[in-house]
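There is one chain below, alone, in structure tokens, taken in the form predicted alone.
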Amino acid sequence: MAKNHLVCSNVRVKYPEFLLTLDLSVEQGDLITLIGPSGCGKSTTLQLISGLIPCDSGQIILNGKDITNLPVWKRNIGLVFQEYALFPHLNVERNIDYALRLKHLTKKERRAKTAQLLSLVNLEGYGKRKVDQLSGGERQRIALARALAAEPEVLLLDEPLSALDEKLRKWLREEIRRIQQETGITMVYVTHDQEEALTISDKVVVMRDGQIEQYGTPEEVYSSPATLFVANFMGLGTLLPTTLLPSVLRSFEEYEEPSESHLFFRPEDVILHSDPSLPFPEYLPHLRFKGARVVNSEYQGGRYLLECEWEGYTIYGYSATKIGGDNLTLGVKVQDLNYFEVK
């Protein structure tokens, strides 16, 4: 059974107009992402864990040791920032070697470790290059190698890919995941990108206004959001009042009216039926919306996002082909519904 490697227990830090409260446990070898809107406390969380700012109350435990009041240099925590933070006057090899010198290794040991780390980040042969000769992606991989050189117990990454173009960002996040799995290091990764959080993580922490809204697997936060905020923040969806259920529910089972005021479902959960001459697939129990009209079709590469109007409500769905018209039937399995109270 995996053990809790990093624990933030009742951690609080208060500013004049902001309060962060944090209860978080990270298992050994997990990669967790912190995601949420700007100003929700993601970067502040990293600063608390690393010791860059003190907490007003609570405890931070790392591998069973209370590090709450330890200075930064005694915590054995690595940091990788968006801005790379490499030494411009040192070449690649010496940037990595800097961290190794602090461990009092011999020159031979440092040379072997540097070569190993350059191989790990797929930059063999780059040791003698100057920092200004590297691309943005190469600089970030060197920053990652330098952080790993110190053999930290936890590695914190604060939006490390946000300054890169989309194609490079996708490739590098795969590289970071590969490196994390090969080394087995525990990582806490801040991002503003929902797709990045869902694809790279073992667990996702969704934050809002200094609070954790939900902490779970990518599948849980996307398919079973704990709050309407999480549902909307982690992807597109349809929100409808539950008062519609008696008119659209198709079921042989006894109907029980939910206590919540609204239901929510994702576009990929919508069943599209555009040919009224064919019978609608029977997914019992399910909701059926007859006579929907396509008001917008957006091609997203391999599929279309349809925005449909049904009796004054907007319903989103995906289609493999471009569909138009005003006589579309939409269906949603009851098992794919989430319910929320909206005031």
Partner chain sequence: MKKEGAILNSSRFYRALSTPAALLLTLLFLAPLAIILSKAFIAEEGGVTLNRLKGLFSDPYTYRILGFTLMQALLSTLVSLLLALPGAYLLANYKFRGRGVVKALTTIPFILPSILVVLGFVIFYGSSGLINTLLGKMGVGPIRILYTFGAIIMAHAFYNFPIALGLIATYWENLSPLYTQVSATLGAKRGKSFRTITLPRLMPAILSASTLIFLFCFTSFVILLVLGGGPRFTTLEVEIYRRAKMSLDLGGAAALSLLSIAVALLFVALHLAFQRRMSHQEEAPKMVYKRAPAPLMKLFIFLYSLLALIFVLGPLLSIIYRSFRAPFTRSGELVFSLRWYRELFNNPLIIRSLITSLAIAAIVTVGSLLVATPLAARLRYRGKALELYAMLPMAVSSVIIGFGYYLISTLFKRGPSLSFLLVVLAHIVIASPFVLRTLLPEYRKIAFSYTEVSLTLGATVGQTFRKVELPLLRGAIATAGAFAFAISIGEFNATLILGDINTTTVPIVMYRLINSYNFAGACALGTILMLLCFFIFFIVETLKRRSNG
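Residue numbers count along the first chain shown, from 1. No experiment lies behind these values; they were computed from the predicted model shown.
What comes next is about the form predicted together with the partner chain, which does not appear here.
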Residue contact check: W73 to the partner chain in the model of the complex, 4.5 Å heavy atom:
yes
Is A99 one of the residues lying within 4.5 Å of the partner chain in the model of the complex, judged by heavy atom distances?
yes
Do K130 and the partner chain come within 4.5 Å of each other in the model of the complex, heavy atoms counted?
yes
According to a 4.5 angstroms non-hydrogen atom cut-off, is T68 in contact with the partner chain in the model of the complex?
no
Which one, 107 to 115, 164 to 172, 212 to 220, 74 to 82, holds residues whose non-hydrogen atoms are within 4.5 Å of the partner chain in the model of the complex?
74 to 82
Only one of G125, P246, G184, P88 has a non-hydrogen atom within 4.5 angstroms of the partner chain in the model of the complex; which is it?
P88
Work out which of P285, G29, G58, G39 lies within 4.5 Å of the partner chain in the model of the complex, going by heavy atoms.
G39
Can you name the residues of 260 to 274 that have a heavy atom within 4.5 Å of the partner chain in the model of the complex?
none
